[in-house]
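A single chain comes next, written as structure tokens; it is the form predicted alone.
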């Protein structure tokens, strides 16, 4: 999967525009870091990644049905891909990777933080108008003002 394909898929999965997922002036290279993490040897089987890439390519080339509906039907409705797609969403929002072998609805799931940068840049923080523990770009006393929330954009 190319960076462009991963970014376009991530736009649909996160609800954020491409300008957030893969900005023109990109100092953080968040999309590249997450794609590299996803494609690291031993993380996800090459066959599953190829299946995801093929499914996403088919979705991008089909203009008969909305992309969101196709993602729901083709990716989330496919047991072989659904868990991986959920993990990609969590990578973007939380900067964390969850063990694909364990269901998410258990209390003892295994996760790892992808990197400090991925955690700090997680979409969850801007979505809820917060910042990661121990990190803030705001000045002292910023908590006296109402936070500005990032707004995910609905995909078509």
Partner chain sequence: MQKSFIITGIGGVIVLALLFNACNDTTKTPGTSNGSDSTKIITSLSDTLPYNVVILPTDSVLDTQIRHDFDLFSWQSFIALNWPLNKQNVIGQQGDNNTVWETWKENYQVFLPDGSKPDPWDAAKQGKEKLLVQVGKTPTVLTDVTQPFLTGPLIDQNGQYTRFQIVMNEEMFDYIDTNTLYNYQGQLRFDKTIDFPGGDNPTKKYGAIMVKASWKILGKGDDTSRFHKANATIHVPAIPGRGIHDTTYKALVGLVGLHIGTKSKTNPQWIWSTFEQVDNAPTFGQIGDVHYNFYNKQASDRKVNNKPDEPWDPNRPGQVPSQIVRLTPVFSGTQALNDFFHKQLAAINPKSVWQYYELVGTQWPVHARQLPAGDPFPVFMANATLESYIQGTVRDGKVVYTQGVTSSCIGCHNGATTLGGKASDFTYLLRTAAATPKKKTP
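Residue numbers count along the first chain shown, from 1. Only a predicted model underlies this, so the values are computations on that prediction, with no experimental measurement involved.
Below: the form predicted in complex with its partner chain, not depicted.
Note on the interface: of 41 to 49, 22 to 30, 59 to 67, 94 to 102, the segment with non-hydrogen atoms within 4.5 angstroms of its partner chain in the model of the complex is 22 to 30. Taking non-hydrogen atoms only, residue 131 never approaches its partner chain to within 4.5 angstroms in the model of the complex. Looking at 113 to 130, the one residue that comes within 4.5 Å of its partner chain in the model of the complex, counting any heavy atom, is 120.
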